[in-house]
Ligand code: NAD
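We begin with a single chain expressed as C-alpha cells, specifically the form predicted on its own.
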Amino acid sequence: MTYPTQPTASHFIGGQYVEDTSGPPIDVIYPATGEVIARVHSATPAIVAQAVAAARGAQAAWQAMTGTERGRILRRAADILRARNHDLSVLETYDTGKPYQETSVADATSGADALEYFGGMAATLTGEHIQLGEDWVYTRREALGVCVGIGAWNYPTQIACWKGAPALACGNTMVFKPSETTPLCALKVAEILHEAGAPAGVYNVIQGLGDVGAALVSHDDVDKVSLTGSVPTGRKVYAAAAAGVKHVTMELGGKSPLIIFDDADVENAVSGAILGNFYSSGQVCSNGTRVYVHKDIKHAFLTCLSERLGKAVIGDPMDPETSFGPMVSAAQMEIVQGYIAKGKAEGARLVCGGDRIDRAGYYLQPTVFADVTDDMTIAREEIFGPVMAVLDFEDEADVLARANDTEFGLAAGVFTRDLSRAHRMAAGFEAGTCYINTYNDSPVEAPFGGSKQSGVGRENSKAAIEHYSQLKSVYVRMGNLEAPF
C-alpha cells in the first residue's frame, strides 16, 4: 500500500535513509482495517552503532554553530511541517488510526509549534556574569552531547519533535527510537530537519523493539535519555541510564483525577471529560480517567455525557467527519476489553458502551462506568483506552484526598465556578500538570510532566532547556593567588 510521504527505508542515519533487512521485520498495521501497510526492520547492533556514531560525529560542529543559526534551521523545519500538514496528518492517521479530524490539528502542528518555539529560543541560551569584588565568575550553558529519545505510539510526530526541538536548540544531537507500533512518522521528522539544513547526523531515527532501546540507553557514547512510555518501562530505562550516570527525562503514565463540583457548568465539564477520556480513543497518558462528580449533579452529568457520546462519529479515520477512531492495535484493544470485563465483574454500573464495534479494525465503543469506588481495578490502574470511571463525592477535602491516593501524579483537573476553590484544588493536587475548567491543553509554552511515579523532569517551555543542557562555571581571578605553602 502506498500513501503520501511514505518513508523509503527503515532508518534515517547521517542525513539519509538506511536499510538493513537483516534486522527482524516489524509489520506496520493500519488500525482501522488490520491491514499491513508497510514493513520496517529492527535495528541490528551495526545500525545502532552507526546511528550513535553519526550523532557523536556531528555534535561538536552542531554545538559550535551560533544559537541563531541552529534556531533558523529549526524554524525552517517548522515551516515545512506546516506546509505539509495534510500529508503528514494522513501518515499519522495510517500510523496510529487516529481520525484525520484530530491528526490534522494536533500532531504535525504541535510538532511544528515545538520546533518554532525552541528555534526562537536557541539564540537566547546565554550564561551569566557574577561579580566577586575584582574577581568574577561567568557561566556557559553547554550541550550534554548525544541524546536518545524513546517515543510512545500515541503521538509519534509530536513526541519526535517535543524531544528533538529542545535537544537540538541546546546544541545536542539525537538518536530517536519511535515505538515499534508506530514507526513511520519520526522518519519524516528526521527527513524534514535535514531538508531544513540540519547537518547529517544531527537527528537520526532507528527502529526496534525493547532490545534496541536498551542498547541505546546503555551505550557509552550516549549522554542523555528521554523516554515517553509506561511506568514499568520507565523504571527499567531509568535504572539502565543510572548505571551510566546519564541525564534522564521520564514522561510516564497516569491515572489522573478530574473533579467536577456541583457549581460547574455541566456542558463544559462534559466537554472536559470527553477530551480527558475519549480523544485519541482514550490513548493519552495525561487523561483524567477518574472522574469525580458531585452527587448533586451526577444525574445531569451522566445524562448530558450519554447524549454527547451518542453524537460521536465512529468510522473511517480518513473521513474528515469521523471524530472517534480505533485503538492502535489488537493487543491494546484486548487489554482494554479486559478492563471493561473487570469493571463489570467488580460491580461498576455500565452506563454506555462496553463492546467491540462490529467492523474491521480495532474499534471499541466509548465506555462509561458509574458508581465506581476507589478500590475497583478500573479506578486504580491505567487503562489507556476509551473507558471512563465516574465516582461520587460530596466533600472537597475528602475528594482531594481520594484524588491523590495513587502512585501516579501526571495530571489533574477541576471544574468549578468558585475560583478560590479552583486554586485550592490546583495547589492541593499531587500532580505535575493541572487544569482549571479545561483538560489536556498542552501548549509548547507551558511545562509538561509528572510527579511521583509519573515521571522526572519536564518537556516543553523554558524548563526543558534545563534538561537538555548543563551549566559550566568559570572563575576568573584578576590578582595574585596565595597558597599556604
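Residue numbers run from 1 along the displayed sequence. Note that the structure is predicted; figures quoted are calculated from it, not measured.
The following text describes the form predicted in complex with nicotinamide-adenine-dinucleotide (NAD), which does not appear among the structures shown.
- For R290, no non-hydrogen atom is located within 4.5 Å of nicotinamide-adenine-dinucleotide (NAD) in the predicted complex, even though that partner is not displayed.
- The shortest heavy atom separation between K177 and nicotinamide-adenine-dinucleotide (NAD) in the predicted complex is within 4.5 Å.
- In the predicted complex, G343 stays away from nicotinamide-adenine-dinucleotide (NAD), with no heavy atom inside 4.5 Å.
- Remark: F384 counts among the residues lining nicotinamide-adenine-dinucleotide (NAD) in the predicted complex, judged by a heavy atom distance of 4.5 Å or less.
- Three-residue candidate spot W153, G208 and T233; every residue lies within 4.5 angstroms of nicotinamide-adenine-dinucleotide (NAD) in the predicted complex by at least one non-hydrogen atom.
- Of the candidates Y435, F429, Y30, F448, F448 is the one whose heavy atoms come within 4.5 Å of nicotinamide-adenine-dinucleotide (NAD) in the predicted complex; the others do not.
- Contact with nicotinamide-adenine-dinucleotide (NAD) in the predicted complex, defined as a heavy atom within 4.5 Å, holds for exactly one of A122, A108, A273, V237, namely V237.
- Stretch-level contact check against nicotinamide-adenine-dinucleotide (NAD) in the predicted complex with heavy atoms at 4.5 Å: of 247 to 255, 292 to 300, 395 to 403, 373 to 381, the positive one is 247 to 255.
- Residues from 279 to 299 that approach nicotinamide-adenine-dinucleotide (NAD) in the predicted complex with a non-hydrogen atom within 4.5 Å are limited to C285.
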